[in-house]
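There is one chain below, alone, in structure tokens, taken in the form predicted on its own.
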């Protein structure tokens, strides 16, 4: 393993060296970095030109200037821009902003893409499968800049106008969403027409009831999950994770998950109205998440009996999900204060920028502000990536389900959950690992257009400004980060192959 990793890293270094040499020269030879000064009418124009030449070593030919830049990179210094600003400082700010943007988008897109792709593979050629296929190809074919503009118009401006007026869903919208929800769940659930009709009725009634309650409680002005919603989510996830990981026949896993959900419900009020006021930093919130995982794991370990591993996993997933819902409800409690603050002025869904200038407030207010600014660019990236993950995961799982060992597992009498989750799903992830590896590096480098549309100060702006000013240093900082991520995640993908399939040997 160590030999393989070292060999790959050495080869990657040579690839990165050749790529950076070519890119540096292409940028340096693409124009004149002194053009703005030559066209200037400043009385000290000659001194400014001479100063910039010395600052950027412009008196050295680009093929040789690359080695001056590379020597600085070895010392951890990416140089300065044409304005004399440190590229390291700009890179630190831009990289943090972009990672904040693309991390959430990537995680959500992978999770939803895998979930929807797997369910469409299991319901092949159903109405649900055809609908998801149509939507996936639609999103896949849309240009990102157009999707971003539509989101700004209808999700931001339209929703803000909706909040300004009387925020009540019209009856026509409730009826349409009710029918859509019923049709969706009826198409997902397999079985006879009678069973589908029952599911349609249950989903339609539940959706209509939920939307009606939201209207009656003025939910869009004062959103909340409440303890009832937390209890429903906790108990629902307890049954869901148990059914998925161990099967509902494993009573120990179900009991552990329900105990963890009950603990979450028990701490709801103490957290919301007492403990949350002492949580003033993000690391404290992460610490509570770690504590939740620890307590949930202990519950699973105590209840688990002989086969503790799966029970511990069920308990931890249930605990983290319940804790997330409780924290989400705490953020919702400050929504009205945030939306009607002097800086936001009743237009909470932001269309530009990464934060509201000069906004003051608690951690929870700052969290809502981050959410409202991340919402649109994250949705734009999710919609495009979601289509790719859905198609690949569906095709991969269908291919695996047709293998001989899957037929053998079914012939042995194993349950469909065991066949899909333990045998098929793991092998279906192998080609997905390659897509994820390429996509992570590609999203960091490919968020240029999204950041431009939403005025997000990140890696895209750093790259664009460098190209516009014929400034190789910021462009190369961008290129090194993106190229390094691509190399790193491809190496990780190779190691994941060996972890997913014991037949693959990394040597």
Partner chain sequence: MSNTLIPEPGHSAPGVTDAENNLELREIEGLSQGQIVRRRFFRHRGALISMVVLAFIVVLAFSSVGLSFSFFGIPIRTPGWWQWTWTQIDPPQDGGRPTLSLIPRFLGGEGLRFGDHPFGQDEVGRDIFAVVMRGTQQSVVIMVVVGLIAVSIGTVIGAVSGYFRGWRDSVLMRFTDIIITIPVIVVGAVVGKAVGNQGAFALAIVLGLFAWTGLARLVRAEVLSLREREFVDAARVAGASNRRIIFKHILPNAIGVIIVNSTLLMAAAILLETALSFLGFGVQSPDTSLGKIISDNQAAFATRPWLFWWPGVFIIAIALCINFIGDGLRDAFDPRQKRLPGARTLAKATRRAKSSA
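Rigid core: the largest C-alpha set superposing within 1.5 Å between the two forms. From a predicted model like this one, the values you see are computed outputs, not experimental measurements. Residue numbers count along the first chain shown, from 1.
Below, we turn to the form predicted together with its partner chain, even though it does not appear here.
The three marked residues, 199, 271 and 412, fail to reach its partner chain in the predicted complex, with no heavy atom of any inside 4.5 Å.
Stretch-level contact check against its partner chain in the predicted complex with heavy atoms at 4.5 Å: of 224-232, 289-297, 260-268, 428-436, the positive one is 428-436.
Taking the partner from the other structure, its partner chain in the predicted complex has a heavy atom within 4.5 Å of a heavy atom of residue 137. None of the heavy atoms of residue 165 is located within 4.5 Å of its partner chain in the predicted complex. In the predicted complex, residue 64 stays away from its partner chain, with no heavy atom inside 4.5 Å. Taking the partner from elsewhere, residue 499 is found to have every heavy atom lying beyond 4.5 Å of its partner chain in the predicted complex.
In summary, among the residues 141, 212, 280, 103, the only one with a non-hydrogen atom within 4.5 Å of its partner chain in the predicted complex is 141. 395 is the sole member of 180, 395, 302, 244 with a non-hydrogen atom within 4.5 Å of its partner chain in the predicted complex.
Contacts to its partner chain in the predicted complex (heavy atom within 4.5 Å) from stretch 400-416: 402, 403, 404, 407. Core-superposed comparison between this form and the one not shown: the CA of residue 28 exceeds or equals a 2 Å shift.
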